[in-house]
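Shown here is one chain on its own, the form predicted alone, set out as structure tokens.
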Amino acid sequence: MTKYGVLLAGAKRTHQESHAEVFAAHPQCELVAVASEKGDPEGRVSQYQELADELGLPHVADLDEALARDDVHIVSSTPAVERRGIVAARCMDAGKHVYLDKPLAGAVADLDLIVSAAERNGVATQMFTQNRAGWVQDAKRAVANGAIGELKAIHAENLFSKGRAGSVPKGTARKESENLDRYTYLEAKREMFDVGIYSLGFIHEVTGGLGFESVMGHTGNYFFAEHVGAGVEDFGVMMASLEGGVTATALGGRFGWTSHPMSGPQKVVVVGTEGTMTFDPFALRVEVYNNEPDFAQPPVDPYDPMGMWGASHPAYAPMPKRRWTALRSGSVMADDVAAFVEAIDTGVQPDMNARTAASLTEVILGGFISAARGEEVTLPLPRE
């Protein structure tokens, strides 16, 4: 059995904490170090050190030095959105396989940089999605087997139940900008971007990879004052035209801790010439009512007021939600990482490779442009 050393190019309060846990649990993987970039702000470097200390790993404050190590075969890459293109390309040019944070990057130039680096180096690349969830695979099989006849339309949604909702002043409406120069703040992040990619991943998986031809997007602040203050959307809607005349709609965002009995709604609806089918991970569940207290929102975490990441201290950790118990269990990320390692073993490029992930991320970037202009945007986006 081949063993792979895994370098963590990412800090605390990113998705790296989840990635690290799953890679560490895989029998073929061993975490070897945490790496930051030269010139990172001091406050950011301390978050890399914090993660390294928690995992008992060395912190290498020079990414190139870490990539030169012979015991590094895989990089789990979760830098800030604005650095994802540069960091991923450097890792691939060093000959490493790269497990990519979602969404892939925040600019077309960075998407192209990642794709070109992946293809000229011939390394395995995979962006995390929730596509390997059993209910998504059920939807894929139903379409492939003709259970609804010919596919005509698909709807996908993913909403996170986190944060204190209902704080937006009445009458608040924001105008989207085409100048997407920042994606993540301490108290907020672009949620159609960060969560909507899951919905687009569902559409890609269920339709068998139909290409997106155009997109219309709508973004606005609906729930959270934090997003109003940062000037970014907490929720977004996209409508797209796919190859073969298929229409798609996608929702992505967050809507508050107390807005859902579990982590938030997920759903895929497929419409065909012979019928309509809905797939929902919580459709099969047990609802529990006992003398346990109802869910209460946790105290505000000064390092993460919206609960985007793991709590910075146990005092800020949200209590578990126990009213619903889903009958399906398992870890979607563990399944995703296992598939990535298998792809490396077999030399077969993963389906959600850099090129596929770039095309889906480009749909969201087109959605932002559409929301800013108030018109449909043709895909792919123009290059300079």
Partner chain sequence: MVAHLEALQQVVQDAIDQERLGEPQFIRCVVRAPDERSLGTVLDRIASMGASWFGSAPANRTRRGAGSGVYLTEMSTWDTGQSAILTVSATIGVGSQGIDLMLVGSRGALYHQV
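Numbering follows the first chain given and starts at 1. This structure is a prediction, so every number in the text was calculated from the model and none was measured.
Here the subject shifts to the form predicted in complex with its partner chain, a form of this protein not shown in this document.
**Item:** One stretch from 67 to 75, 84 to 92, 273 to 281, 307 to 315 that, in the model of the complex, holds residues within 4.5 Å of its partner chain by heavy atom
**Value:** In short, 273 to 281.
Among the candidates 139, 159, 123, 111, the residue which, in the model of the complex, approaches its partner chain to within 4.5 Å (heavy atoms): Only one listed residue qualifies here, and that residue is 159.
inquiry  = in the model of the complex, is there a heavy atom of its partner chain that lies within 4.5 Å of any heavy atom of residue 293, even though the partner is absent here?
reply    = Contact check for residue 293: no, nothing within 4.5 Å of its partner chain in the model of the complex.
### Query
Counting only non-hydrogen atoms and a 4.5 angstroms cut-off, does residue 232 reach its partner chain in the model of the complex?
Residue-level check for residue 232: no, no contact with its partner chain.
- Query: Is residue 217 close enough to its partner chain in the model of the complex to count, meaning some heavy atom within 4.5 Å?
  - Reply: Yes, residue 217 is a contact residue.
Practice item. Determine whether any heavy atom of residue 259 comes within 4.5 Å of a heavy atom of its partner chain in the model of the complex, and answer yes or no. Key: Looking in the model of the complex, residue contacts with its partner chain include residue 259, since a heavy atom lies within 4.5 Å.
Check all three, 241, 255 and 376, heavy atom within 4.5 Å of its partner chain in the model of the complex
So, yes: the whole triplet contacts its partner chain.
Open item on the list: For a quick check, can you give me the residues of 136 to 164 that have a heavy atom within 4.5 Å of its partner chain in the model of the complex?
Closed with: The stretch touches the partner through 152, 153, 155, 157, 159.
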